[in-house]
Each structure stands twice: as structure tokens, then as C-alpha cells.
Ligand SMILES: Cc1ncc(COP(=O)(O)O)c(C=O)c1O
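Here's a solo chain for you in C-alpha cells, the form predicted on its own.
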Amino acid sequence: MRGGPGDAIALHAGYPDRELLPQRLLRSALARAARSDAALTRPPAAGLPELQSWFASEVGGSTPVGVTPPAAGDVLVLPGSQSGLSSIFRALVMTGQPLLMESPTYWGAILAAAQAGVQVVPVPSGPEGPDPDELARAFEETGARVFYAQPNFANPTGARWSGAVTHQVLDVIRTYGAFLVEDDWAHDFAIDSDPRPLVALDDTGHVVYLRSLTKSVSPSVRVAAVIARGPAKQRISADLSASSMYVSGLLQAAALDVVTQPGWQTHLRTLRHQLRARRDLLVTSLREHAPQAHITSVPTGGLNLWVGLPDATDLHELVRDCEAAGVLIAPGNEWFPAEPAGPFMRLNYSGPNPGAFPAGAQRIGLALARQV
């Protein structure tokens, strides 16, 4: 590799660079939390009531007339979304039973499903979401009762479900008396369109909603939440009580402080412009320097580009050659719960040093050319 590992052009990471974080807000919030009772007392198992209310009210702001918005009591605060996925899968899917899952999808969800001992059944998903008829067929053939998905700015593809698909999927979920586990991981990373939480359209308890602040506030503030109603909430709560007990009150207080400051909305508006500039620069660079790579679609939010590669591409060799040239990429096979549909790579445009994107794209293009 040219220079040391720290000199590499990092397009593989899953977290935004620190310059995209609300650093000033966070440092002030942590200082205030350290001086408060939150630093010395044990919080309620379900979370600080004020933070529960904030998560509920955020969804409530998207709830249409005629739908009952979630209440603070429907919120369970978690130590990060990964533990939330594990608890949800354990609580709602019996060991050895089927779990429907978008494909491709977040590798952490695939890992959580494996740890829970459930059988993953992939449901192909495209730029506008899964085919509702295919989803219904999967429910019918497998007897599954849970579907995991990322309707807004999916990781890795950046896909956002269309309005029509959203309503059709909800109809399928209700028809089969199933649960939709909605992972709204990129809620704070909107660029050209705003997220539409599906949970805001459902007051019957069919949607179990997962929302994290870890990537947008700080990777050191592992705070997330599940919104669930009825029996689903009780089962998830019981699992969380056994596995994690409670989330640090100090971190909860700091997270709440950050997201309720007026500067938080200013930060999100600035972040939107920064992500757009980075995304567009990486897209332009790839199209110019790596024409062999096909950008499946330009995402309207999130942190990643999903890039299709020539059929004959050897992913292992490509990753190795790129690393030797000083650019780090993520191979796409990690995001498929079954056999990959073809060779892909995921590139993160929120990492450090966006000025190096053209050079990184050029090195990727040269590595691809060597495989032709």
C-alpha cells in the first residue's frame, strides 16, 4: 500500500467522518450531562422518559390525520441498534423459524439473525423496494411472520421505497398478520428527499420501528430506540431486560440534549448539503475514471453508493488490488443473505478526505481494467 494504512483513501467505512458530526453540540451536552444526576443514577429500564417522548414525538410529526401516533410508553431505549435487532429477532421469531429479509440488506441484520438462530429467507428488493406480490408469496410459502427491511435509504443500496410500494407492503403485512421490522438507520442522512417512517402509517402494532442516533450524533453515543405496541413491545421489552438491563443514563441525557438543541436542526441542514456535495463528487469521479463500474442508482439519502461490476470481476482480487493501490472498498457479497445476484461493491461517500475521491475512483478503474 502506498504510505501507511492511515494514508489510504477510505471508501469502505460504515460511519461518517467526524467532521460531519455535531461536535460542538455533543461536547457541550456531555459536559452538562456529567454535571447532572444522570451521571450518578440508574435510569428506568425503558429509558429516560424525556428521551422516550422525543422519539415518539418525532414519529408523531409524520403521522397523518386518522392514525394514532405512538406514545412515549411505546418506546424502548437501546444501547445501539445492533442489540435492538438481536432482541427483536429473538422476541418475534422462534429459533429455527423463518425470517423474511430484503436482499441485499444490512450485514449486521444478517449477523443478528444468525445469532438468534432463525432461518433467513431473502426477498429481492430494487430501487423502489420489494415486489409486494413476491413478498406475499414468501409469506405464503414459508409461514413466516416477520419481515425485516430498510424502507428509507437502505444500506447498502440507498434505495427508498415508493409510496405505492409502501402501502402495498403494509397491506401484505396486515393480510398475513405479520410484523414489519422497519430499520430507519439513515433517518438523519436525507439529501434530496425526506424519510417517510412507515411506522407513522400504522397504529395497529404491525410495524416495529428501530431508530438509532449512533451514526448521526457520535459512534461513542450508542443510543437507539424501538417503537412497538401491544404484545410485540412486551416480548421485546422482556428480552432487553434480560440482555442489556438499561442504557447509560449519562449517554441518554447527552443524546437528548443534542437533538433538542436549536443547533441540531441547523446541523442537519448543513449535513444535507455536505452529503450531497460528497455524493455528487464520488458519482462524477466514478463515471469519469471507472466507466466499468455501474452505479445502480444515485441515492436520495444515506451514506453509500451501490456499484455493480462486470460479471467476470473477481471481488477478492479487486479488493486486494485496490488496497495495494491505497484505496479501501467494501465487497458487496457481505450484504446478501443468500447467493449474491452478481459482483458489487459498496462505497461510502461520508468518510474522510473527500478531495481524494477522484484519485480513489481512478485507482478503482485501473484495478478493474486489469481484470478485463
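A quick note: this is a predicted structure, and the numbers were derived from the prediction, not measured. Residue indices: 1-based, along the sequence shown.
Although it is not shown, the form predicted together with this ligand is what the next lines describe.
- For the marked spot (Tyr15, Gln82 and Asp183), a heavy atom within 4.5 Å of this ligand in the predicted complex is present in each of the three residues.
- Taking a 4.5 Å heavy atom cutoff to this ligand in the predicted complex, the contact residue among Ser212, Ser285, Ser248, Gln292 is Ser212.
- Taking a 4.5 Å heavy atom cutoff to this ligand in the predicted complex, the contact residue among Tyr106, Phe147, Phe89, Trp161 is Tyr106.
- Note on the interface: of 147-155, 264-272, 237-245, 195-203, the segment with non-hydrogen atoms within 4.5 angstroms of this ligand in the predicted complex is 147-155.
- Within 4.5 Å of any heavy atom of this ligand in the predicted complex lies no heavy atom of His187.
- This ligand in the predicted complex comes within 4.5 Å of no heavy atom belonging to Lys233.
- Though the partner is left out of this view, Arg222 does reach within 4.5 Å of this ligand in the predicted complex, counting heavy atoms only.
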